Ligand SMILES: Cc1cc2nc3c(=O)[nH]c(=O)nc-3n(C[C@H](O)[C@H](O)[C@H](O)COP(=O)(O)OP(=O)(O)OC[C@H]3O[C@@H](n4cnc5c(N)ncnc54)[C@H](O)[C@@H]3O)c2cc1C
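Given next, in C-alpha cells, is a single chain: the form predicted on its own.
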C-alpha cells in the first residue's frame, strides 16, 4: 500500500489518536489547529505563580470501562488514581444552607432530611414517600427527577443547576438528558461507576504531546482550516464544528458555552475539587479548585474557577451541543450536505455534534483509524461520519 498524506483538523484527542495510528502505519500526517496550543478543550497548563496544573477549559476527569482505551492513555502518560467526589451547596427542606455530597447517596439523604436511615429504610422513604409515582412515563427532565427522587431533592439539587446549565426550565428538556438518575442507598460518593478512573500525572496536554510525537506527524498551530486545504491530501479527518466545515451556510447549530471567572488564593479555598451551587439565585453553576485534581501534588497557592453557562455566540468556544428539536432538524440538513462531501470524515464531539466523554472519543478515534486503513487496503471509500450524528 502506498504512503498516504492525511490532514487532521484539530489537535485534540480525535486528531491526535487518529493521526498517531495512521503515522505508525507509515503514513504522513499533518495536524492543524486554529488555537495556539494542542489538546482542544482538555488542554492543561502549569500556572507560573502557583505551580498548579490548570484545566484551562474546565475540569476533565478520565473514567472508562474500556480496558484498551485505558491501556492506550497509560502508554503515553502515567494516570494517577483519582475519584471524582462532587459536593453541592444548596438549601435543605427547612431553608437552611448546607453542603451535601453528589450523586445522591445515603449520607445525602440522611443529612438533607435530618434522618438516620439504614439503606432499606432510605430506599422505602425515597421510593414510597418522596418519589412522584403518579408519573408513569417521564417525558421531561423535571418529570424524570420528580418520578425518582421527589420534589425536595429535585428542587435542591437539579432544578436551579439545570436552569443555569442549559438556560431553560427542566420541564422544557427531554428526560434523556437525565439518562440515569444516580441514587445510591449506601455511602458511596464516587461520582462515576467505571472500573478505571484517574488523572494524567502531568496533565492532558503532555499526554497529547506524546501521542503527537512521531516522525511522521507535523503539527501546525495558529492555523485555521479552509476546505481548499484538503485538496493537498488523500483524506481529511475533521474534528471541528460540523456546520463550520460548510461555513455555516445553512445556519448555526446551537451550543452552550462556558465562561470562567478565575481567582487565586492561598491555602485551601473549598476543600474539594468541585463544588456545585444548586440555587438558581447563585449565578454560577460551580466552583472548581484545580489543585485538588492532582492530590499527589502539594501547592501553597490555589487557582479556582467560577463557572458560568450561557448560549454560545459565533465567536465563543462551543462546549455542549443543545440537540433540541430545532437543532436536530438543522443537524439532519447538515448531515445530508456532508454525505455529498468527498475524502473527508467528520469525527469527535464537534464533527458529529454529540456530547462525548474522553474515553468514547478515543475509542471512536481508534476504530475510525483502523477502519479507514482496512477500507483503503480494500479500495473502498471511508464513511463520512465516525459515528451517526443523528
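The model shown is predicted, which means the values in this text are computed figures rather than measured ones. Positions refer to the first chain, counted from 1.
We do not show the form predicted in complex with this ligand, though everything after this point is about it.
- Within 4.5 Å of some heavy atom of this ligand in the predicted bound form lies at least one heavy atom of residue 225.
- Residue contact with this ligand in the predicted bound form: residue 35 places a heavy atom within 4.5 Å of it.
- Using a 4.5 angstroms threshold between heavy atoms, residue 19 stays clear of this ligand in the predicted bound form.
- Interface membership of residue 322, defined by any non-hydrogen atom within 4.5 Å of this ligand in the predicted bound form, is ruled out.
- Residues of just one listed stretch (354-362, 44-52, 66-74, 331-339) have heavy atoms within 4.5 Å of this ligand in the predicted bound form: 354-362.
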